[in-house]
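This document starts with one chain, in the form predicted alone, laid out as structure tokens.
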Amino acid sequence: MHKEETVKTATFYHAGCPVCVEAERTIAESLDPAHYKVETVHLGEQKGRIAEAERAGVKSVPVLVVEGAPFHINFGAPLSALKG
């Protein structure tokens, strides 16, 4: 009997800075689409999603949130800087 695999969700939050763009290219785009459905959210352009990112535990961008767990990749900008 094989356990049926399900596609996990991942959200890549960023602010469009060079650190974020490079992280998206090397990390978010590297995830196997057979295992992860990745949504990319540019918080500089989608400010309405900042509260969602905060609820997910995001402190800075770029960050990859996989199944509700934030993985901060590098330091591009604090989330507080995107609110202004």
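Every value quoted in this text rests on a predicted model; they were computed, and no experiment measured them. Numbering starts at 1 and follows the sequence shown.
The protein also exists as the form predicted together with a further copy of the same chain; that form is not presented, and the subsequent description refers to it.
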Would G16 sit within 4.5 Å of a further copy of the same chain in the predicted complex, counting heavy atoms only? no
Give a yes/no on whether N74 approaches a further copy of the same chain to within 4.5 Å in the predicted complex, heavy atoms considered. yes
a further copy of the same chain contact at G48 in the predicted complex, heavy atom, 4.5 Å: no
Within 4.5 Å, heavy atoms only: does A56 come near a further copy of the same chain in the predicted complex? no
At a 4.5 angstroms cut-off on non-hydrogen atoms, which residues of 15-31 are near a further copy of the same chain in the predicted complex? List them in order. E22, A23, T26, I27, E29, S30, L31
